[in-house]
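Below are two forms of the same protein chain, given as structure tokens: structure 1, then structure 2.
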Structure 1
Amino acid sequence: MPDIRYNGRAYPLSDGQSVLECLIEHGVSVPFGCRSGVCQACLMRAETGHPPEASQKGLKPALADRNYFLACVCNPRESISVSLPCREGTRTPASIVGMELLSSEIMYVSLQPHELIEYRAGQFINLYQAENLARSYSVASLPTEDPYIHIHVRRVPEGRVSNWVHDALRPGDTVDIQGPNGDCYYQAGSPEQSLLLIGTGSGLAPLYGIIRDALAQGHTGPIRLFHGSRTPNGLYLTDRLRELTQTYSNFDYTPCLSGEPVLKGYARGRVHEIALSKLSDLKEWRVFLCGHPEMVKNAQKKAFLAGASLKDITCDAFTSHATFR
């Protein structure tokens, strides 16, 4: 059995275990978030030995070249010595400057980082509730128009960090954040391209940022947003989005409800099914899919079968894991 060596001690790795699982099982506290190779909160460095390729997927080349890897998706076959990256280099303190409930489920949070963070609307940041506990939240603000970073946090039943945001976090508090990460953002260069954006719940956060970014950059092609939830409480910013459709003739917004009650002004059904039934030919379209992982996966397949190229479909699945509390 290979060993994971960390801080002068060796921990035996069980079959199929990731470096993160191994360390946590042995009571070692290291940072993590999504546990599925997305958020990069579990970044570590191999001091000796090479991390498997799969554990470096999505890392910037500068990090991968220096043997950094993601501990949650690292299953080494040989023993390696690992260390944590320098904390100061990766995290920034940020002040909470505003909070507001956008619906009974969704909390808007405005953050002022203490150092300049260059980001694109739609990317995500990691928010630390505790030293080693992070969750990812997508950025709805636009660096050119908003002075602060805006995120939308949906209250998840029993969820540790989301409930902390709703119930404990208050304006004036300081939190640690890391980022930005991810490639879910508007790419200028094809202003006439048709854009389809599908989101569930707080999956609207990145889409709201991307849409405003596209409009600010003079996008002229159609921009079609479908936002879905089971109940009206999951939908928000509806008035603001309807207003935008008045200002921009190329922007179109369809709020969708999959459960009861059926309300006037809302499409009835699952958001991606509604979108794909209206838009059956997505050849040359750019597609953004954000929110519930099942929706994202199903919609990705449907969009591809409807003619969108895989490279033009950006998926931002809000994965979460229930263990390791």
Structure 2
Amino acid sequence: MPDIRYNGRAYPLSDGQSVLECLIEHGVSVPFGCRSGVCQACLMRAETGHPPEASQKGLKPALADRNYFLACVCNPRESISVSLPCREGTRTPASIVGMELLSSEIMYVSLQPHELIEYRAGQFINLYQAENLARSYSVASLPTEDPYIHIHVRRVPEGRVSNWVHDALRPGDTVDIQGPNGDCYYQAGSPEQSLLLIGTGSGLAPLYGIIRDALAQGHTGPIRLFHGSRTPNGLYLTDRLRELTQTYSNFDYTPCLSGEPVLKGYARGRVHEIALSKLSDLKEWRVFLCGHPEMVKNAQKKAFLAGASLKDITCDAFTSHATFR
């Protein structure tokens, strides 16, 4: 039975167990998040031994060449010695250059990385509050138009990182970020393709970036955005999005409320049900789903049944990015 060696101690690896599961089982504190090889919060390095190729999927070649791997999807067949990554080469310092409450629960944060980071609107970065404490946030900014990286942070009850952002983080502070990660972004090449975007809460962040990117690149096909929340506090940027509908005739925006009260100008009901009731035929459409996991799962199924190809449905559920709350 192989061992996982970490900080001078050896931990036996059970059948089918990942490196992350093994370390957590033995009380070792290491960062982790999605447990599915997406958020990259569990990045580690093999000091000896060879991590399986599957555990390096999605990593930059430079990291893979240096034996970095994702602990949550690493099932080694041999004993390996592992360590947490050093800051250099995996994290980037960034200055907080702007903060603004977009609603009572959504904080806009603008970050200036201390070195160039190439990203696409809609990808996500990991924001570190401490050495082993981070949270993933989608990028709402457009690198071709915005000088800084913008994220939207929703205050989560008992959320250690989100409450730190809202209550303690201030302009002028320096934080560590990692990324970008993820494949939720606009892909040029089919400017006439119809786009459907459905999001809840701060799931608007990647969708806002994707919409701006598509419009900036001259997308001519219909772009339909449905943004939902239970209460009005969960909706934001409504004025800005309504302005975009006046500027771009191919862009349409529907804010949705599933709870009470339902205000004038808002659709009533669950956001994905409203969207799919209005768009019953999604053949050849490109679909983006971001936000609450249950909504994303249900909307993905309904979009597929409405004719959208699975390869044209991009899902970005909140839980796929969470590291620590």
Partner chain sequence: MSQSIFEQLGGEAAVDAAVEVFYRKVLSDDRISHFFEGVDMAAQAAKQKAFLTMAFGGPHGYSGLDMRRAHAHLVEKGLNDFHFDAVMENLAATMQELHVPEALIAEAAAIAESTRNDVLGR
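Small disclaimer: the values here were computed from a predicted structure and weren't measured. Rigid core (definition): largest C-alpha set, two forms, superposition within 1.5 Å. Residue positions are counted from 1 along structure 1's sequence.
The form predicted together with its partner chain is represented by structure 1; structure 2 is the other form.
Here residue 77 counts as shifted, since its C-alpha moves by at least 2 Å between structures 1 and 2 after the core is aligned. After superposition on the rigid core, the Cα atom of residue 42 is displaced by less than 2 Å between structures 1 and 2. When two forms of a protein are overlaid on their rigid core, residues whose CA moves 2 Å or more are considered shifted, and residue 306 is not one of them between structures 1 and 2.
Comparing between structures 1 and 2 on a rigid core frame, one finds that residue 20 has its C-alpha moved by 2.5 Å. Core superposition gives residue 54 a CA displacement of 6.3 Å between structures 1 and 2.
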